[in-house]
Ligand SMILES: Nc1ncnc2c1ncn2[C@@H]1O[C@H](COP(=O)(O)OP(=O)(O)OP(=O)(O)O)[C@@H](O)[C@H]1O
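This document opens with one chain alone, in structure tokens, the form predicted alone.
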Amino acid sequence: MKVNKVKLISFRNYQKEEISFEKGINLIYGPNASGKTNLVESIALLSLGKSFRTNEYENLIRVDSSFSKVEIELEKNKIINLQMIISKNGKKVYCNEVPLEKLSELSGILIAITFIPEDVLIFKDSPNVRRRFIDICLANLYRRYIYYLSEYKSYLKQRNALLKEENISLDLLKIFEEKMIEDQYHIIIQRNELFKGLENKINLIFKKISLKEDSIKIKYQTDFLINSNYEEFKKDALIKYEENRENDLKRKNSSIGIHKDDFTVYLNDKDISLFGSQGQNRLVSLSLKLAYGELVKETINDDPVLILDDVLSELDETHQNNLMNVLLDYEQVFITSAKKEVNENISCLYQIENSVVTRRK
């Protein structure tokens, strides 16, 4: 898949802009605060349904405007038109001019994998950040995952609300637990398969970029059984809910469940969040995103769009060249940079000055 065209109206610092892109590696360069990240943010916006920089949609609207519009022409076997219109009253999303009722309906249409400077901290950050990474990965690949996760969150919300009541019905509490267990069984299976695939791919990618024979392992952490049939899983989960019920009633919150899941990455058998250098964290986190890209290729038999924001500035020339060679395997890549990078693998150059995008190559 590839993005043929992006149209922006009153989006961030752009008043009205239309940019055509090509396959291959597209480099977008310009000084800091010129709008490089804003441009690739608009592409990710119609992949995730939300910004990777803010949860406040009003921040996406240009200061002197009452609304913002992002439109993308996507080529994916056929031409697909995606639009998002943002106003102070909310947002509306369209696919081929048909309004989407839920943002989750965007999942899997435009799969854009982003790597931003903050991703270097993914292993050191809170478990919420890592769970968000897991959910984005699986939501793009499996529509049923979104269903199970949404249903689980609904039951979790109801169970937590019940725990806060004065007179609690234990029978109702157990009903919620059984419903949650069924959803969690499917979720844990898919998360475990994701980590198996990522561990296999990340080692290959890391070696190509670093040229080192290091070993990377990923350990999935959850409260329940990972490799079991449903009956064994349910029996174990019911016991654990029973064991934690008194604590949950006291704290008025659910202390166990897939909403507590996490994962740890080990580089040469050492927890990278504790023992990895900044450079190692950077290369491994980048390799993790690219490993997911390889899984997408295998699963949907198509390339995702890659967005790498300011990734080259912290890499030396050798690692830059190794990365570029890996990126050649993708149909379309967007890289932002503060300077005009010189590399034979770059297909197109786009310069941003005064909120205007000009193609230079």
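All residue numbers are counted from 1 along the displayed sequence. Just so it is clear, the structure is predicted and the values come from calculations on it, not from any experiment.
Below, we turn to the form predicted together with the named molecule, even though it does not appear here.
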Per-stretch contact check against the named molecule in the predicted complex, the hit in 295 to 303, 311 to 319, 324 to 332, 55 to 63 (non-hydrogen atom, 4.5 angstroms): 55 to 63
Exercise: Asn13 in contact with the named molecule in the predicted complex, heavy atom 4.5 Å: yes
Residue contact check: Ser51 to the named molecule in the predicted complex, 4.5 Å heavy atom: no
Heavy atom within 4.5 Å of the named molecule in the predicted complex - qualifying residues of 29 to 64: Pro31, Asn32, Ala33, Ser34, Gly35, Lys36, Thr37, Asn38, Arg53, Asn59, Leu60, Ile61, Arg62, Val63
